[in-house]
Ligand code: NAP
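The data below hold one chain only, encoded as structure tokens and taken in the form predicted alone.
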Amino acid sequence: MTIRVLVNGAQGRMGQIAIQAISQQADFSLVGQTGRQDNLAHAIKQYHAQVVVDFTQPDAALQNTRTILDCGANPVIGTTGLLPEQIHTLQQHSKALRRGGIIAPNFSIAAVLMIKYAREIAHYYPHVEIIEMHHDGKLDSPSGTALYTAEQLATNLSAECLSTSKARETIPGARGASHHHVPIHAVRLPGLVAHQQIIFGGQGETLTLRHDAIDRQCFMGGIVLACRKVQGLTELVYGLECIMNKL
């Protein structure tokens, strides 16, 4: 049985990648492509979409996710910028409907593995900072991937390690942002795609995990996986690793 998929944000760079990924799968049927000018609820019902992939704008992601759930489809949300309280609200709404979906800060399986193993390393090397680098057209800073990484690292860091640094900033912001007390430094430059370093510091040594997305094709595997698995969910999960163990 084919899965009927609609892509919202179809004209964007990630939307185009999603369309390409879906079109190449024999068990998918790309039934619709929508954008800001379209009525998303009407399109879902018109095309009888079962799964809706959303790569739009941070200010639209909250309502788009709610609309997808309310219209009876399963959301695959790649739009970043949702706040933790917004994600929680959507998860409660999904639970009430018993309709599952996924919000994924990153669809690269390699990037997800980087975060997974960084979380384990944090047990042994609790002093850590994140440097994330993206193209200059990215709207949110820090990236959703960096925020998610900090959240995952914080679960394995002791209270002493999460204390505020004593370093004094002679220029405000020199030490970067702080999310769950993990410093994050964001770089936005033309020529970049999506890159992240997680740097651990120890006595006389450092350990760095780095992921480089040099082509957006690296996200295709995760998008396809999410579209295949999402209909089997009864809750809205956060992070691609929630379904990777079902490969």
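Since we're looking at a predicted model, the values are computed, not measured. Heads up: residue numbers just count along the shown sequence, starting at 1.
Beyond what is shown, the protein has a form predicted together with the named molecule; the following relates to that form.
- Remark: of stretches 98 to 106, 84 to 92, 172 to 180, 123 to 131, the one touching the named molecule in the predicted complex is 98 to 106 (heavy atom within 4.5 Å).
- Looking at residue 79, you'd find a heavy atom of it within 4.5 angstroms of the named molecule in the predicted complex.
- The named molecule is not shown here, and in the predicted complex it never comes within 4.5 Å of any heavy atom of residue 67.
- The named molecule is not shown here, but in the predicted complex it comes within 4.5 Å of a heavy atom of residue 14.
- Contact check for residue 35: a non-hydrogen atom falls within 4.5 Å of the named molecule in the predicted complex.
- Between the options 43, 60, 186, 199, the residue in contact with the named molecule in the predicted complex by a heavy atom within 4.5 angstroms is 60.
- For the stretch 216 to 234, the set of residues having any non-hydrogen atom within 4.5 angstroms of the named molecule in the predicted complex comprises only 219.
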